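Given as structure tokens, the chain that follows is alone and in the form predicted on its own.
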């Protein structure tokens, strides 16, 4: 006769150390836990609510400039270093950890319009409305030693005077060349006081410039004549140009997909393009209610941050039509420049009120050391939330954002105008001969023509 008994080995349940957790055995048979989905749904709901409770994105402001901040630059060698330039000609190096000035770079007689750092992080290039390009030596001590005195100031390594005022500057991702934007596009070498190459297409001022992260010889510019132009340094003339209905204020290349770039436009939207197919935008990113002034991609290439004239900072998915996050404060004025930190954990914004502000890229993220158990818990809650994000209650909580009253009213007005325009177009089409009026998709509507 067989007798069934429950046999448990003490070795399986005995802890090796007193600090170890007790081993728990679970049976994952779905028939044993009929309420599993209901329990997970409640967890997803609670996780979404807790995210809202712990959403504290603003970390602190960096005060010191005396005029509005127009440009910023990251140092690729140091996570916590950020350069900023203002309208009064002041350039500062900030330590983001202590949120104070490490070094100043005086010299510009007018507004600083562009900043960029060389690939090795040793040279800072600045340009301004005083028609000069200045090269500064960024010593390791200036960046690494956060105990450096804030009144420490550096002297320029070289000063190049040119005929026209400059609007922007950018350095090659891999190489010794940098390019400036102004009355024309000039390409410079560190060791030459004259441009090594000059490009000109049209008579209007170029206002932004960006080198491609994957191909060092390709760069994109935007100009006051509403054009976005691609240049190849290996050719003697510009490659391609697309003309839009409104001006593009800034351009950012996707570092993980170097053939794609996103343009921040005056019409409150951002447009993602494939550089090989400029006749149509890949995606239109909406939500701002005023001109988008600056844009910067995350190092992961999955998100980008925008700063707008409507005094808000928004974070978008690279393929998302609407923003994932909106940041604003009562004191923050028009945002002229934004940057992602090199580790994609923080966002820095510079605005008209002379302050740089430091934000978390994920509003409810826990700062400091996270224990392994905490990290696993966060990952589990994120997975559960992602699993039930399509359900109405979870979706409503995750999507809800508090907006300042002027932005809320402007968004409502903008929606009303767009809806009225859509209805008008539908009526015009209904009362016209069939086929005489073609509805153009949004991705093509803002593009006038492409010039080869």
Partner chain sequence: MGAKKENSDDEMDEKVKKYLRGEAANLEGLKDKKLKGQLAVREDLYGKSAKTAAKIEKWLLPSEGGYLEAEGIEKTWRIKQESIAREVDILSSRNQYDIVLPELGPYSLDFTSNGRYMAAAGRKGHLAIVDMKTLNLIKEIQVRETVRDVAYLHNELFFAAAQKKYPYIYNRDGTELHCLKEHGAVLRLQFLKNHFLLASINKFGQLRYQDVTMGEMIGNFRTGLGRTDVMQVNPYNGVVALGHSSGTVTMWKPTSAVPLVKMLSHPGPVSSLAFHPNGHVMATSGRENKIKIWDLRKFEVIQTLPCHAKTLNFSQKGLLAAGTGSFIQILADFSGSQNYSSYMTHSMAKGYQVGKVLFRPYEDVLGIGHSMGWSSILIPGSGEPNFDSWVANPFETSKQRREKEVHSLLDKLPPETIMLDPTKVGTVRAAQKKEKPTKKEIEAEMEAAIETAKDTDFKKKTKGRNKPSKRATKRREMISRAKRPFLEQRTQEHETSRKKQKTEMPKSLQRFVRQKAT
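Please read all numbers here as calculations on a predicted model, not as lab measurements. Residue numbers count along the first chain shown, from 1. What we label the rigid core is the largest C-alpha set whose atoms superpose within 1.5 Å from one form to the other.
There is also a form predicted in complex with its partner chain; it is not shown, and the following applies to it.
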>> Which residue, 387, 401, 414, 52, is the contact with its partner chain in the model of the complex, using a 4.5 Å heavy atom cutoff?
In response: 387
>> Given a 4.5 Å cut-off on heavy atoms, tell me which of 28-36, 415-423, 401-409, 55-63 is the interface stretch with its partner chain in the model of the complex.
In response: 28-36
> Does the 4.5 Å heavy atom contact test between residue 10 and its partner chain in the model of the complex come out positive?
Replying inline: yes
> residue 23 near its partner chain in the model of the complex, any heavy atom under 4.5 Å?
Replying inline: yes
>> With a cut-off of 4.5 Å between heavy atoms, is residue 319 one of the residues that contacts its partner chain in the model of the complex?
In response: yes
> Can any non-hydrogen atom of residue 46 be found within 4.5 angstroms of its partner chain in the model of the complex?
Replying inline: yes
> Mind listing which residues of 1-22 have a heavy atom within 4.5 Å of its partner chain in the model of the complex?
Replying inline: 1, 2, 3, 4, 5, 6, 7, 8, 10, 13, 14, 22
> residue 15: with the rigid core matched between this form and the one not shown, does its Cα shift 2 Å or more?
Replying inline: yes
> After the core is overlaid between this form and the one not shown, has the C-alpha of residue 26 moved by 2 angstroms or more?
Replying inline: yes
